[in-house]
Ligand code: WTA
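What follows is a single chain, given as structure tokens, in the form predicted on its own.
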């Protein structure tokens, strides 16, 4: 069986014939260049274990060198470099101090305009002070620590401090609501929560401490201390004995901190990501293998040089902010820009002004942001000096060719290569991407796998698809160092979600893909029911559960609908208790949208809510979600609906009665 792709998607792939080779000027200074990339691929083809072992020995600083490369004893729970010891914080900071301690590590810009710069020496000192403060409170190797903060330098300091003492951090996106924080605290059994009095977004305060308090009222029995950064200056409640100010925690602490040497397989972090059913999954990443992937892909994909100013706009609450803000660029000794605030505050020129002011050379953002800013016209970015840019990147979802071309023409001035990257929270780092000095790019394609990544596209039986135009499951055929190790406290779910479909032979990404005549990969979207809204993965079950928790809602089904800016929007079909609302339902729809926002965060709010007497179910009680997707998209119904329990419901679901 070949996985279906929409006609529109197939057409966009098959008719896209624009090709953009790297300029001679860029190729001449790139590393890896064509010769080096060919060498890396050749080494990997001779054996992935030997390839990754060579990279790990060359690019990481080990306290105790490893002797075992890959342990497949308990496959698919793979282990890499397991008998080696290192510290991630040391690899990101200490290794640079002697030769480049005065180099700028972080440029932080606040929404209201404040700019702070940290050299590597200053950042190291602040991380050590906070790490010592955590140790003074009893934090130790293996403890789980929740970080629920705005996009501040202190958030990176907190993550690196956890790594320095061997604690396992779990960052919760600052836009998530109290129940989401509670669920993550309880699943991880966290001992500490690090937060702030609030954050700034579009000129308004986001009340993080208030949300954390609510989460701890509803759960969080494992939490002993809440460390609060004074940021907005808002009055907040303080619980004596539990709550501590950040500045009090670091007061009097030394600016040196002996690192905790950990095994390469020691968990560095947990990052919770939505699943198609049930509670969010605590994706567990290792220390050694993950850092190796983050460092190498930062260098390979972004061609990072020592004088680059790298701005990845992702929040640290997402894996992109882990790999390409907190770990990868710092391990390479680069300067990282971080920004707390909205991309259009106080006006739509904010991103472009920051690029101009900080002389950003490499810019990595999401198609959602590109599309939103593109809609505002060319005049805004053209009024700023973007000549410092030399490379652009895209992350989070496939980028449509029109947005790619605008990015190339208006932002990159037709001189900057674009790296359109495919990867996931679970893969840890970029897996498929152009290498900018080598790969000719095509708008909308992530091109080819990086060295050491063995990808393929298979059919329903797990066999490689035949023919150029066939779609199928995107899979990774061999383990790689930065891969997730398990789902925290649920290894059976790890195996079932990522490996079981094809008898543990492949890692199953959950995306459908197509490969063209040049071997370029085109990602066509999710196979399961996880929605990709503005680059954020949202489980339909989570949104449905939030809707049903409303006292007036009996049932709900959520599907995705294509959206020009967000890629996908949330479309909810709901069945009320009692009579179906009729007439003007605008106020009630808004009430439900806000209800979901309170439960899961604003990103999960349904864009559309439609009321029905029933959901379309088969006689066995299964909701026909494919039918709902067709209806949400306004497409003609072509699937067989003869098994529907109530075929007459279709017109109502269409909004026609």
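Residue numbers count along the first chain shown, from 1. Remember, predicted model here, so these are calculated numbers, not experimental data.
Missing here is the form predicted together with the named molecule; even so, the following discussion is about that form.
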Original post:
Applying a 4.5 Å heavy atom distance criterion, does residue 526 contact the named molecule in the model of the complex?
Top reply: yes
Original post:
So in the model of the complex, does any heavy atom of residue 109 sit within 4.5 Å of the named molecule?
Top reply: no
Original post:
Might residue 197 be said to contact the named molecule in the model of the complex, defining contact as any heavy atom within 4.5 Å?
Top reply: no
Original post:
So in the model of the complex, does residue 396 come within 4.5 Å of the named molecule, heavy atom to heavy atom?
Top reply: yes
**OP:** Choose one stretch from 397 to 405, 478 to 486, 340 to 348, 163 to 171: the one whose residues place a heavy atom within 4.5 angstroms of the named molecule in the model of the complex.
**Re:** 397 to 405
Original post:
Which of 253, 77, 177, 532 has a heavy atom within 4.5 Å of the named molecule in the model of the complex?
Top reply: 532
Subject >> One residue of 334, 569, 284, 421 in contact with the named molecule, assessed in the model of the complex (non-hydrogen atom, 4.5 angstroms) >> reply: 421
